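This document starts with one chain, in the form predicted on its own, laid out as structure tokens.
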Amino acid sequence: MSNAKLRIGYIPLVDAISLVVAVDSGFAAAEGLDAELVREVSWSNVRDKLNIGLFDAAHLLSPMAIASSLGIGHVRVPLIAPFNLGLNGNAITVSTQLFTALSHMADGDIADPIVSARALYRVVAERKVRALEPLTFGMTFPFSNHNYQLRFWMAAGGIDPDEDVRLVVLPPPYMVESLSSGHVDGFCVGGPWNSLAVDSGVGRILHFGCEIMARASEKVLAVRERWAADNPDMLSALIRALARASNHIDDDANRSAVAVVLARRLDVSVDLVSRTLSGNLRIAPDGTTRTSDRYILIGRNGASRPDPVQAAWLYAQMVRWGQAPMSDELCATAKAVFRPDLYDAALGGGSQRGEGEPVDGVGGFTGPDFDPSNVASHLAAWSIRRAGRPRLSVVR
């Protein structure tokens, strides 16, 4: 009998690695799946093709799956996320000129996010006095951790992200060119694009995403709820293939081989992929490096098991920034997108968070611990938030 056919969309990012290794290294085939990976350039393309059935599954921004299920920002198509493809993996990169300005304004170690956020506030204030154009920052989509991490960081320094700077949407492969051309002054994106900006001499990594949020669900395997109900055996097989792939990736003995496999799909150097996976990144054109074992988590520390706490935090950001109304019902719907039950059923039990993980499951660098059962109280702690819809520009 022939293998079951699957068409899966993805964006060329390091956190697509479990999908790539599952398909290209034979784990999917071993589970009886004939999976085709289709590369896309924008998240809206991936979402739309998933929603109308051109894709059976997709590598998708975690909050995008929630937004689709809530029907905000687009037509409502219920999606579920039975597998987490990656925790963390983002970085905030700024132009070399902006880094110099921030360094001059910093009162303390600029590697501390609160110090850099306050320095950015001073830079923004000075630009207003001089009647200069607002600084522009790129992020990949309005419903993304890139957007929320930028906003969380900026607001901690006193910046209103909708009033004091300009946020624009850019597909990940266009980030470096936009920074080089001066169209943006900084961006938040996943690997390997931050490193590529540094290697090109046009940018400097200011913060790893894990320095803003210690544990953030970045990408998920997303499928339509209806498709999951109609194809339970195929979905379980895909979850098993991804789990085997993530375990393979997390074995240091396989690091070189999986970097080769992924680099081929991303059209970047093997070294760039290896550095990203190891969390050992050059942060400046002069070769300065920074290392974090939390930079990107693929399978270890329970990273691949969907966590409804993460879904609740993402919903809270949507409310904070005016993308969704506050509602216990909507919060419950958001949490139900992440399906640890399907993960556990496919694998015969769930993996748990390891030692050293944040107590609240999120680990923001500032503010109170997150309580997923009381989102309204959490939001009340922040002075900078939106009652209306944020103004977001789309760059095509």
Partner chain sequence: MAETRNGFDPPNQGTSSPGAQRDSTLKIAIVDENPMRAAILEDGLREAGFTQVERISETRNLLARIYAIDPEVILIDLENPSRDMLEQMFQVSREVKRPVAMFVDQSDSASIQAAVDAGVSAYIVNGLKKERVTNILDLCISRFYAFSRLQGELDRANDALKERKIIDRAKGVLMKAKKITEDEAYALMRKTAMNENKKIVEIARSLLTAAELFK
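Positions refer to the first chain, counted from 1. From a predicted model like this one, the values you see are computed outputs, not experimental measurements.
Missing here is the form predicted together with the partner chain; even so, the following discussion is about that form.
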item	value
Proximity to the partner chain in the predicted bound form (heavy atom, within 4.5 Å), stretch among 190-198, 241-249, 262-270, 135-143	135-143
Selected contact from 333, 366, 327, 44, since only one has a non-hydrogen atom within 4.5 angstroms of the partner chain in the predicted bound form	44
Contact residue in the predicted bound form, chosen from 225, 177, 112, 293 - any heavy atom within 4.5 Å of the partner chain	177
The partner chain in the predicted bound form: contacted by all of 75, 181 and 323, heavy atom 4.5 Å	yes
Exercise: residue 122 in contact with the partner chain in the predicted bound form, heavy atom 4.5 Å	no
is_contact(residue 300, the partner chain) in the predicted bound form, heavy atom dist at most 4.5 Å	no
Heavy atom of residue 185 within 4.5 Å of the partner chain in the predicted bound form	no
Touches the partner chain in the predicted bound form: residue 31 (any heavy atom, 4.5 Å)	no
Residues in 163-182 with any heavy atom within 4.5 Å of the partner chain in the predicted bound form	163, 165, 166, 167, 168, 169, 170, 171, 174, 177, 181
